[in-house]
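Here we start with a single chain on its own, the form predicted alone, put down as structure tokens.
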């Protein structure tokens, strides 16, 4: 088995027209082939290289990572003398990926990386997360190196990025006991020793994924007397500095192979990244957007795994003389899981392509002055990336949870037992809608794009795609959904009440998300009707019901509804 080649949907995203431009920009018009004999000379050779890596990852995930997942669940990481010891199977996984050269996916070749675009990194992470979401956390945190690449000094890049490419692990240390979603409240103290010319960190970080990593990115308060985000800076801290210790590994519901730690910094020597006071305002915001796209990918990988488990079980489990997949109550569940999965994946890769293009222009702007046309394009891609990221993270994680729930339901009583993979997937899925910003916070980040009309403009753009005659009826139904969404936005705006907007934001968010997913799945179906059309038909029906329900609620809403809720 191979987790890449057995899923034809994944190859579809390599064929998207925008990929040619993304790869050309990533490869700087394929000029790197003159310096590196393994760099591609054209798009076809680049894709051939991506596929070779994806096939290798797919094989490793099927043969090693997925089979190891249950052992890691049992053994898990342990703590000894302030250091985390991974489960033996986790060490095996990491060693395997290091030897395969899979630890510097998106880093430049000059640092020992593969120089792959973000979308290819996402494809690989999609496959890895299907095999084991916990290992996906350890491996996927390598993209923290992008923060050093983007904002660190040349000397820092030269020192740290080759180490990450060779297999050292990373973490982003943001959360504290009294500062979760409200990162402006971070209190971990950074002090500068004038005589030594060095920063030192003191304090505690909590709920840190892979918290005993080799290289930490730490958000700390560098400006004495400050109380908000303007007093925070971002630092690099090394595990082996002798002043960073893991106090505990959290005993949590799922993703057991990924240690979530409480970390103590006891006058730990640190290096400032970029400028003081920009830690939260600029650097962590960029870091978090990347992390949120990563969790969206993890969510899609989990959703894929739950669908596969449900389908396999439903085909093999017999009741009343036939396989349960033949019962409408079951095949409806499994079909709905597939429709949700395909829709979430369409949204994931649309987001990734826009993030990719935005990043390409940012990198290009560091090398030369952009033309007016390039600056205008850069702004468009950046705005799309910023608008789609909170939707794909929020809705992608909700879909992972829905699919995990339905997977257990398909298994019946067996799904409640630890002997079955779906029980672990159910627990693993739950964190996706919490960490790196809860779904509620994604709504807060997204709602301005609803009220400004930007999501409506995006939907008009997506629905301008030409589709075959066979898909026209579904396109007409999506257009009606979009009209309902726009009317709901207009109704909420007409209330002129901020509390009402806040109260109804989740419904507008869901309506926008499901409309966008339907429109994107329509475009994918137009490109490959055989691959996506059945999921499109199911998803449109699902989205119609959800949007009709929210539209009815908003239509009947009056501000006095709020008096019915206890506060």
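In this text the structure is predicted, and so the values were computed from the model without any measurement. Residue numbers count along the first chain shown, from 1.
There is another form of this protein, the form predicted in complex with a small molecule, and it is not shown here; the text below is about that form.
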Partner contact for residue 209 in the predicted bound form: the small molecule, 4.5 angstroms, heavy atom: yes
is_contact(residue 173, the small molecule) in the predicted bound form, heavy atom dist at most 4.5 Å: yes
Partner proximity in the predicted bound form: residue 181 to the small molecule, non-hydrogen atom cutoff 4.5 Å: yes
Contact test in the predicted bound form: residue 409 vs the small molecule, heavy atoms, 4.5 Å: no
Residue stretch of 251-259, 347-355, 74-82, 308-316 approaching the small molecule in the predicted bound form, non-hydrogen atom distance within 4.5 Å: 251-259
Candidate from 462, 435, 449, 121 lying within 4.5 Å of the small molecule in the predicted bound form - any heavy atom: 435
In the predicted bound form, the residue from 285, 365, 441, 495 that sits within 4.5 Å of the small molecule by heavy atoms: 441
